[in-house]
Structures are given as C-alpha cells and as structure tokens.
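The chain that follows stands alone, in the form predicted alone, written as structure tokens.
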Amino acid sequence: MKYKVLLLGKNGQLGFEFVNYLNLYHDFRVDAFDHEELDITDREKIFVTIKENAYNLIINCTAYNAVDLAEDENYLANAVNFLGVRNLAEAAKINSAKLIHFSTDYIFDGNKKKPYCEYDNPNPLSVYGMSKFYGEQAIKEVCKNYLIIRVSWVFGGKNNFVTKLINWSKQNQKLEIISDQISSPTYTYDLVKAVPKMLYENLTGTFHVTNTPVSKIEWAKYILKKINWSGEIHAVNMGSVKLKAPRPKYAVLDNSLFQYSVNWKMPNWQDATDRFLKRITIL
C-alpha cells in the first residue's frame, strides 16, 4: 500500500527520526509540520488540511511532555494530549485515514511489579499521565483504524536522559541518580523501524514498543562508563528527589504482543544505547 503521510511534530526527537527514516521508503510520501505550522489544537485547520491533501496516514509525534510543569498547566497538557488528539482521531475517521499515536508508560501507577501488558488497567499518577490516558481513550472512542504505541524513556535527539547525563557529567564529579525507578528505554531509530513493520502487517489497536528494561541507575552507570567518566555516582530514592509530579517506580512495558505480531524483537537497551552514543560522536 502507498501511504500519503501527514506527520505532526517534525522537530521533536521522534518526528525528526520519522522524517529521515520514512523518506528511505518508496511506499511513504511524507508531509511534515511542526507545531507552529500546524497546531493539532486548531480543529478547523486540522480538518481542512487532512481533507484537502487526502492523507491516508496520520502520524502524531506531538505531545505536551513537561511532566512536572503539567501539574500547574493542566489545561495546556489536556489541550494537546487529549483535545488535540481527539481532533486528529475525528479527522482520521472522516477521511478514512489511519492514525498512529504515541502514548506513555506514565498511564500506569507502577504498583504491578511486573511488566505491564496492553490490557492492564491504567491508573495515572500525574496530570501528564492522565492527559495521555485521556488521549488514548479519545482515539478508541472515535475511530477504529488506529495504532496507539506506548513507549517509555525515549531517547534519540538532543534532549533526553542520555544527553542530559553526559552534560551533567561534564560539569560535575559527583552525580545523584535515582536507583529505584525501572522502565524500558526506547531508542527513536528502533521505534521508527518498527512502525512500517506494523503497517505492513495491517495491525490496529494498542501495542507496547520499547527496548528492554533497566533501572535508571544501571543505565546511567553504563553510559558513564562508555564515555570514560571518572566521577562518583550516588544512588538516591525517588522519594528523596523533589519532583512536582509523581512518577511510577516500575513501569516496564511488555512487548510480547508486538513481537508476536511482527515476528521481530526490539534490540536490547545496551545495543540501542551503544548505537546512539556512536551516532552523537561521543565514542
């Protein structure tokens, strides 16, 4: 199938990756926009743009991701993550387009203590998590032809845990890293590689697509060792770190459904991290 793609959020970590990757495929013709060019909260403009250009695939890489700030900006977080997503779902339905949307492990409370599958009941702890959950619900209520892809600890651009950690290490010889938070890093390159596989299998529904699980402190130690940092790491508990928004301690996403559906496994977190470090010429 040939896809005429509307990609939203082209300048973010994920959007930038998608533009570069999908342009390698003859099956995808991509028109990409940033927030200033096409705002998903502008309902009328979204509907007109999709109808006039006859897009049959919408990839939403936009999101309000300021987890702590969202506690004070409830309206803005929900405007983007809920109402804006609902606009896309309704436009997709009317124009018979497939909608791909990215959600988060933060829709769970972290109390399960084992990997979350797609059918576990969400229980967001924060405004951000709740707004993302509302966005998921809006899609499910409005349209049938969708992919909701849940991810966690996304890295691949200039502003993520890996790049922040490296910058911190250049300025400090002692770093405090959270020791009791476990999730699954998601390398943007691996994620965008997974999406065409899902499309070619004509999948619909909700899927978890991440690299393998690791604690934040183990991931940090691995990165710092790779860049030959000689400082000291001090383990701290989440409870001792003053963050405005609560976060799930254990939010590993079970990828089994995705792996079974496309007959392909996402690489482990070590391999993904190594490739990203080489990409940003740290090694």
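Please read these numbers as outputs of a predicted model, since none were measured by experiment. The numbering used is simple: start at 1 and walk along the sequence shown.
Same protein, other form: the form predicted in complex with a small molecule, not shown, and the subject of what follows.
In the predicted complex, the small molecule lies within 4.5 Å of some heavy atom of S103. Heavy atoms of S261 never reach within 4.5 Å of the small molecule in the predicted complex, leaving it off the interface. In the predicted complex, at least one heavy atom of T41 sits within 4.5 Å of a heavy atom of the small molecule.
The small molecule in the predicted complex comes within 4.5 Å of a heavy atom belonging to Y128. Only one of the listed residues (A251, A70, L57, A63) places a non-hydrogen atom within 4.5 angstroms of the small molecule in the predicted complex, and that residue is A63. In summary, among the residues I182, I177, L165, V80, the only one with a non-hydrogen atom within 4.5 Å of the small molecule in the predicted complex is V80.
Looking at 108-116, 201-209, 150-158, 168-176, the stretch with residues near the small molecule in the predicted complex, meaning non-hydrogen atoms within 4.5 angstroms, turns out to be 150-158.
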